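For reference, the chain that follows is the form predicted alone, supplied as structure tokens.
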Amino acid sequence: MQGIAKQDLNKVLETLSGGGAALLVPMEIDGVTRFARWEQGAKTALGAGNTLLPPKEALFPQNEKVFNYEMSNEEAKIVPSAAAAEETIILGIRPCDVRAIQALDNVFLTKDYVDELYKTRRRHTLLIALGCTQPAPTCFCSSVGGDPLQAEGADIMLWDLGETYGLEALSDKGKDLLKKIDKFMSKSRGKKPAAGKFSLEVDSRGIAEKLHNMFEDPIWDRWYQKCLGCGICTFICPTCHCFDMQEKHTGQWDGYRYRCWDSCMFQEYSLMAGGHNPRPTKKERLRNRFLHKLCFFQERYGMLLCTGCGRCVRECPVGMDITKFIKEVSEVSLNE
């Protein structure tokens, strides 16, 4: 394992951003922890635990133009948008959020569909993951297939060893990047740290198979009742990827279409043009959200859509807790 002294961190960040790459690191901005572009003199929040807002916006922006159009009496011309091919380094991303990006990769890059805007950003993004030595009270990544100290899919793994950060390249891109900061690195005597004990644990084994047969179960009649339908859980979730398509006219016959984040917890999300809504109440919308996280995505892509980051558990204003839901599902007898 190689290491860098914490006192050299700003020099390392300056070097990484000096080559023209956008270096995104955890920061506190207006009281909110999020990933933002590092500039000289900026203060990072690497030791503050997971950010409130996930780094998915670097790959899947909250608002994004999809195409421009021009129309005349004879023809319509569509010009697809192209994502900027800017090299991006996300440093300090936690293993649960790396796993979330793997889920987004499945959505936007597989099953005979490739989203070119996402593909371009993903191809030019390098992930430096920071292992978690002490899970927060709302973290439960190990209960849904994650590892707080190791991030499969990251390019470089980073661990806090006290006075130093330990580093290990996990990909060729990661090895090449470490060469750029070689002058700051030394052979680390530290060992990979052990993870602290999780205070929140739940058994998710077999949850998808069980929920597959619980679409009409009375559990939904109880769980939806205190939900406000505010959508906070979806907007701070690192894996939620619902979006709406909107149109903006820039002239009589010209304009563009763009996509923007949306939430399946909103009534308008599933409202059809003719006025019918297949999810008319919060019951159907909550059921759809939990089934997507814990059943449908597993069936389609082989992984749960919940990474155990704990953001929704921590921030829900009425205390909706997906871990309690999983536990209650495990106690349901389908033979009744």
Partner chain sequence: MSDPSGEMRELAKKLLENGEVDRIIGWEKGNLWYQSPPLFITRAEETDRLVFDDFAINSLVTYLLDERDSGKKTGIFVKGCDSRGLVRILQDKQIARESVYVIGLPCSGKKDPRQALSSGASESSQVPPAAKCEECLYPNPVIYDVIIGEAVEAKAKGDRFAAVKEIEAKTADEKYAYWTSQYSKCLRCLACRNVCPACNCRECAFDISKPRILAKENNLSHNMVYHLTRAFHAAGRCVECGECERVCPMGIPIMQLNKKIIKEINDLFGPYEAGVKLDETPPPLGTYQTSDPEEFM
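Note that the coordinates shown come from a computational prediction; the quantities given were computed from them, not determined experimentally. Numbering follows the first chain given and starts at 1.
The same protein has a further form, the form predicted together with its partner chain, not shown here; the description that follows concerns it.
In the model of the complex, its partner chain sits within 4.5 Å of a heavy atom belonging to E268. Heavy atoms of G20 never reach within 4.5 Å of its partner chain in the model of the complex, leaving it off the interface. For A48, no non-hydrogen atom is located within 4.5 Å of its partner chain in the model of the complex, even though that partner is not displayed. Residue contact with its partner chain in the model of the complex: K324 places a heavy atom within 4.5 Å of it.
Of the residues L53, M27, M303, A58, just one reaches its partner chain in the model of the complex with a heavy atom at 4.5 Å or closer; this is L53. Listed residues G174, P148, P193, G231 were compared with its partner chain in the model of the complex; G231 is the one with a heavy atom within 4.5 Å. Candidate site formed by T138, L200 and C260: every one of these residues places a non-hydrogen atom within 4.5 angstroms of its partner chain in the model of the complex.
Partner contacts here mean any heavy atom within 4.5 Å of its partner chain in the model of the complex, and among 246 to 254, 158 to 166, 179 to 187, 127 to 135 they occur only in 246 to 254. In the model of the complex, K282 is the single residue of 276 to 292 with at least one heavy atom within 4.5 Å of its partner chain.
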